[in-house]
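In structure tokens, one chain follows: the form predicted alone.
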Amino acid sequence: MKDFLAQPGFLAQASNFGADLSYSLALVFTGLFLYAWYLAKKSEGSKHRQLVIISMSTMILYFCAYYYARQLGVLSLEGKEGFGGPDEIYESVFKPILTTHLILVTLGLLIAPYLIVQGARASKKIEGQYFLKDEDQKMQPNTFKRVMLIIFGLWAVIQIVNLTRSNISTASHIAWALIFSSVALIASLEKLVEKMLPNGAKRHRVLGRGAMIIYALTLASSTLTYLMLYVIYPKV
């Protein structure tokens, strides 16, 4: 898959297929999320729910596969690979933008499944249409334990698979550990969120707006990263 992504791109002369596909899908996903948010504002809960599940599930599957193939894009941890500009620009401009982008991507991938699950728990179906329930929403202790066991199990499976691959870097192992640690942290913060936003409907609306801000910033950082890598400072 890595060789396939490294083929010549279709947006910029110096880019590759993986980078162009990734950026194009970032535009598509952001557009879908904006439209899903618009549907929610119009109280079209069923259409909002269907579009969010389809778009977020597709986004998670693609970006997990893409960043896994690219070893999570840890260029900032492994050197100046792919960047053709001056060292001072790399250290002071490109590296912070890339690091911010990777953090935003991780946050986006984490909040997407959480919002899907939380939205399903906070909604009810009336005459074929979904509506948010104006009531408190809490996670039971046994449910919390099962969630933590699932998170640990998934991380263990990925680590076992990684150990069978000789080309996986130490930075990639660290990145996966940080991702699943972040997932566990978010699950742990559910109790704090319950106290701050006990009402399930209000919680979904507030977190949904926060997610839209994250996705907008992700697109902005992705655009800056793409321009600096393949337009402004391409590797010759």
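In this text, residue numbers run from 1 along the sequence as written. Note that the structure is predicted; figures quoted are calculated from it, not measured.
Absent from the display: the form predicted in complex with a small molecule. The rest refers to it.
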item	value
Partner-facing stretch of 186 to 194, 173 to 181, 35 to 43, 22 to 30, counted where any non-hydrogen atom is within 4.5 angstroms of the small molecule in the predicted complex	35 to 43
Listed residue that, although the small molecule is not shown, lies within 4.5 Å of it in the predicted complex (heavy atoms), from 151, 104, 158, 132	132
Position in contact with the small molecule when the complex is considered in the predicted complex, options 115, 147, 97, 109, heavy atoms within 4.5 Å	115
4.5 Å heavy atom contact, residue 208 to the small molecule in the predicted complex	yes
Residue 212: touches the small molecule in the predicted complex, heavy atom cutoff 4.5 angstroms	yes
Residue contact check: residue 123 to the small molecule in the predicted complex, 4.5 Å heavy atom	yes
